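Laid out below as structure tokens are two forms of one and the same protein chain, each shown alone and named structure 1 and structure 2.
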Structure 1
Amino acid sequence: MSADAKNTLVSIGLAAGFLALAGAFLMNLWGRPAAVAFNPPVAPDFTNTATVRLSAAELFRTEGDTSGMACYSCHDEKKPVTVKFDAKGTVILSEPHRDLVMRHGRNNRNDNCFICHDSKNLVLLRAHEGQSFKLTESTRLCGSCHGPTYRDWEAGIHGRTGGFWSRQMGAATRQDCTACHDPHNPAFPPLKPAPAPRPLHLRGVATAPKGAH
């Protein structure tokens, strides 16, 4: 075979090879990445930044249902209210108040409603030193017994601080104690852990075990 014929043959061979490659690329014959698994968004209750409960102060601020705090819509201002206890010293709740869970500390220690509520004016709170507070000012009532925690709260190391870090830009905000603690049953409720993160590149490993959340 002559040198010219050889060159022509090689050129044709190369051209055909590249054409085949171009065709393969155009038709996307290989190298397709596996489809990305559907990544469901985290349930909104795990990204919700609200506190675990609505305090009376927040209910009034947001004009929520405050009918439970209109004590004198049911009680008679002239009729004194009495609190009854069973033989073990556990409070006996009347029908309208059965929804309350009375468990402020152990041993029914704070079952007497009038440790906190004013027996002479139900819509007020009354601290043991005799100070009077509105239902919306309960943080100061809590502070009258929980001095060290109240001090921590004032300093911003208990509870939650929001608002502005720089006081020149605006005020810092503090959440009231009852935004996190039920005054009648104040132990902080256990929270469900949020699901684990899903790293997309570790397929298989990332799927949470059944019933993990």
Structure 2
Amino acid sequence: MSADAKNTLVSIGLAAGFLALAGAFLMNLWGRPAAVAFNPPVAPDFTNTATVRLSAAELFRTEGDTSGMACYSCHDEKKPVTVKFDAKGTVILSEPHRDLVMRHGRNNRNDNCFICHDSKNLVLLRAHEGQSFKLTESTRLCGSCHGPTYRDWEAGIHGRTGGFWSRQMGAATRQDCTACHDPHNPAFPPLKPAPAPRPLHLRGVATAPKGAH
């Protein structure tokens, strides 16, 4: 075979190869990646940054409904309030307070109203050492018994801390104890864990449903 014939065959082969390669690219034979896994949005319960309760300090600060803290709207300021107990030593709550769950500590040991409330002035809180605190200072009362936890709270280890890490940019804010803990029943209920991460490279996973974003 002559040199010209060989060159012609090579040229035809190369042209055919390039045409086949171009056709493969046009048909996207190698460009079909696996379907991206649908990553469903996380339930708002796990992204909501609000605390589970509103502390007295927050209610007063935001001018919320504080009528439930106006003790002397029902109690006579001139008459002492007595706490009654049943045969098992459980405090008997009066009708206006029947919605309270009294479970502060083991074996009902702290279920006496006047362990924390001042019996002589119901609008104040009273610590074991005799200090008096306003209702808006409940965290200081908690710290009088829960010293290690209070120190962790002051350091920003325990509780909810917001604001700025750099104090040069602004102040840090810390939520009060009662923004998360019910003072009469402070044990925090179990929380449902957030869903596990969903890797986007999984194969064979259905794509997002119609209308999903």
Ligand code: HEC
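Counting starts at 1 with the first residue of structure 1 and goes up one by one along its sequence. Heads up, when I say rigid core I mean the largest set of C-alphas that superpose within 1.5 Å between the two forms. From a predicted model like this one, the values you see are computed outputs, not experimental measurements.
The form predicted alone appears here as structure 2; structure 1 is the other form of the chain. P44 shows a C-alpha shift of 2 Å or greater between structures 1 and 2 [criterion: core-superposed Cα displacement of 2 Å]. L26 shows a C-alpha shift of 2 Å or greater between structures 1 and 2 [criterion: core-superposed Cα displacement of 2 Å]. Per-residue C-alpha deviation between structures 1 and 2, core superposed: L14, 19.4 Å.
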